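For reference, the chain that follows is the form predicted alone, supplied as structure tokens.
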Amino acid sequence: MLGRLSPEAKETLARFMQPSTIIGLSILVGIVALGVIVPLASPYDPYATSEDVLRPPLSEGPAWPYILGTDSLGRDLFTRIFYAVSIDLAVALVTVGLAVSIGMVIGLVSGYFGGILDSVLMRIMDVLISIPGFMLAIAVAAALGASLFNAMLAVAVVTIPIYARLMRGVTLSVKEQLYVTAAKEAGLSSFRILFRHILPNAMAPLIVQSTIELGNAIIYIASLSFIGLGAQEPQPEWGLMLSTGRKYLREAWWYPTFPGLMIFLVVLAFNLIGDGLRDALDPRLRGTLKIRRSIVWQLLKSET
């Protein structure tokens, strides 16, 4: 399979598959696999209330069959943590997808058309960026009401300017290329030029940024749930479990520790994968590697 790849594709794959990237992928794949298996195999109800659970609260520490202990209502913490994988990852994907879609369109339009439209759109983005991100997320979530869906919208609003400014900068560079000028001279519509010629050649930095922002989105969502503006009981969500568990840190260390560890591992995985994508897709790095190889080749030739 790899033998059919072009030399450029093989080089890109080699730059991506660094040890740190493999570690990140392994962590993410392992967590996702458990997030699929545990909800199907566990006999415990992650949404159980105090009336449904017969065990005393916090009665079981990490031991079989409750390998991560029980929570303040006597529910199995292992089941709730890995049931939350699908919720937290889905929320992060939807949040980043929404922010990328809106920010991408704003950046494309602003960078391509320029003028007054560019000034107005970028000043709006500047206003949003000037407000500390978490404070803006709190304000939006509080105005919309405490729920996981509203927390997603709040985080999307915070991160839209990141993608808008990134896409604008790439668009300003790409629209000066000869193939874009030729498309204009050929009479193609602005819509077709934007989405058929400019966007495909501007996706690499957007993909890298969105991968890293997946980790940031999880932190934002967990933080809003931690302060009561995100997920609500009995919904299993890492930030909410961490918020509830901190009250019992002295007598039940496992309660806040394992949800916090899950947040750490997932964010670490996304950052490692994002770094690998940046190394693989950055054209400047590709040029640097070629220059280095040329220098080494010349040195080897001179020695022989």
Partner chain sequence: MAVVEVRNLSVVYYTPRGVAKALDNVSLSIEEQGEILGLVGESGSGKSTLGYAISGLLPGNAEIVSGEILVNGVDMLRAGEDSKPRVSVIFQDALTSLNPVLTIGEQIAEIYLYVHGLSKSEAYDEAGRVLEEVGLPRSFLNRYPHELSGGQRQRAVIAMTLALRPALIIADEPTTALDVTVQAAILKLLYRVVKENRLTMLYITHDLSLVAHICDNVAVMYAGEIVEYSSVKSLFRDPKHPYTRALLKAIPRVDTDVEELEPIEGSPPSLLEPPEGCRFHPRCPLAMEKCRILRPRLVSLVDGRSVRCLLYEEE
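Remember, it's a predicted structure, so these values are computed and weren't measured experimentally. Numbering follows the first chain given and starts at 1.
Heads up, the form predicted together with the partner chain isn't pictured, but that's what we're talking about next.
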Task: Per-stretch contact check against the partner chain in the predicted complex, the hit in 85 to 93, 98 to 106, 153 to 161, 176 to 184 (non-hydrogen atom, 4.5 angstroms) - done: 176 to 184
Task: Partner-contacting position among G145, P132, G115, P200 - heavy atom within 4.5 Å of the partner chain in the predicted complex - done: P200
TODO: Note which of V140, L172, L188, L206 lies within 4.5 Å of the partner chain in the predicted complex, where distance is taken over heavy atoms; exactly one does.
DONE: L188
Task: Non-hydrogen atom contact R196 with the partner chain in the predicted complex at 4.5 angstroms - done: yes
Open item on the list: If we define contact as a non-hydrogen atom of the residue within 4.5 angstroms of the partner, is R123 a contact of the partner chain in the predicted complex?
Closed with: no
